[in-house]
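This document opens with one chain alone, in structure tokens, the form predicted alone.
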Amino acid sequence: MLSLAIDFGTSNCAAFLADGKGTIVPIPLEGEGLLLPSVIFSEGNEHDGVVTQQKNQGPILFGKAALQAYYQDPLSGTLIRSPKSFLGSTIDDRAQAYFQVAIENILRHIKTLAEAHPMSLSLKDSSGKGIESVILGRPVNFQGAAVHDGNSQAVSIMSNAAKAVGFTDIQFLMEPMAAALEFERTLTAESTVLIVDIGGGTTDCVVLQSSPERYGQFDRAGDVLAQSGDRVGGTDFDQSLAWHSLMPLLGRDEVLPTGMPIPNSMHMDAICTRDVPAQYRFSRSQRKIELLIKEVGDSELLERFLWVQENNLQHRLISSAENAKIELSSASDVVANLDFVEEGLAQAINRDDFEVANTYSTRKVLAVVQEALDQASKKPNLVFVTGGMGNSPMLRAHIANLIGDQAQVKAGDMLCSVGRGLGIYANQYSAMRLA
């Protein structure tokens, strides 16, 4: 029995196919690449554009192709980045339906690719049915205002989307638990392991009693010593870096003739690309920015900001911050190119800038780690850091300082550990169904 494991991440998606007999294969989602950026672009400017596109009224693009289409003509359609990050938010029924269809389209795209994989084709039964079983990763707490209601809403949206594309057997597994399964297969002795999964939208931790003997067991509830999670992740670091290093180039720090600083709400709305009300306000802020330019007195910086608003370039700003963040994982200083705003416009950013910009987000990540340590009845002797933000030398250093000498800190495949762990779980689940 085939099961498809999908790590539907805030920043990237990954998928693995398992047959219940020990074979687990990755599904290429973008060319030969295993990662698909969690981005969808559809033609048209209506708020329900993604919904209408499902009715074959125009092309839908995913991943890098979606970003490229947006970069070429930001006003030609609707771009949704990180749809997962909206699922736990306080949104009305119409918005929930909107994001559910976006999730459906991405899941359908992944399912189609998986069903075209040679392993699927070779095992398809005579009925011709596609893959019906799916294991979906989920954070401990989805992003949103109300933890419990937000979690229930998010799981419901994900479940309904999975059903709509043809999955009939839908299971969820906590993302840090999936990463723990992937790490556990490398162990040679009994260990108490702290998993720190710093993803695009959330940070999740689990403390698991692990061993080679326990690996492969399906029910691990008794081995979980602690679990914690909060809605802070890589996209928060992108947003803070954009605010700190990029928005001053767009007039964030301009002052009024009275000597008072200008209101910063519109600049904040611009970079809050995961906030539906903020994006709605920013899309209608042209007149306010024009009045502010007159009040300040022909501000070149605010003229740039107006250009961003008029041309729907706020997602490119966040992409520039994200790219700078990624480059700072291996370089001490980088240059963020903002040619799309103005020819020759750029901003130098170094690791100190990044740390100062993200003091608050760093504290939130460390608080999640500390909560797991406080909950656990045993101190971990191994720490496994994964997730995209696990690449940050600054964050890894802070985590190592927090842990101290009590445990060895290790890092692995930052972007596919959760997906592979979900594949391991999918194989165990399929084996149980076959038994």
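In this text, residue numbers run from 1 along the sequence as written. Because the structure is predicted, anything quoted here is derived from the model rather than measured.
There is another form of this protein, the form predicted together with a small molecule, and it is not shown here; the text below is about that form.
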Exercise. Counting only non-hydrogen atoms, which stretch in 24 to 32, 59 to 67, 382 to 390, 402 to 410 is within 4.5 Å of the small molecule in the model of the complex?
Worked result: 382 to 390
For this session: State the residue from Ile326, Leu187, Leu249, Ile170 whose non-hydrogen atoms include one within 4.5 Å of the small molecule in the model of the complex.
Result: Ile326
For this session: Using the partner position in the model of the complex, report whether Gly201 sits within 4.5 Å of the small molecule, counting heavy atoms only.
Result: yes
Exercise. Using 4.5 Å between non-hydrogen atoms, is Asn427 touching the small molecule in the model of the complex?
Worked result: no
Exercise. Gly88: heavy atom within 4.5 Å of the small molecule in the model of the complex?
Worked result: no
Problem set entry | Non-hydrogen atom contact Gly421 with the small molecule in the model of the complex at 4.5 angstroms | no
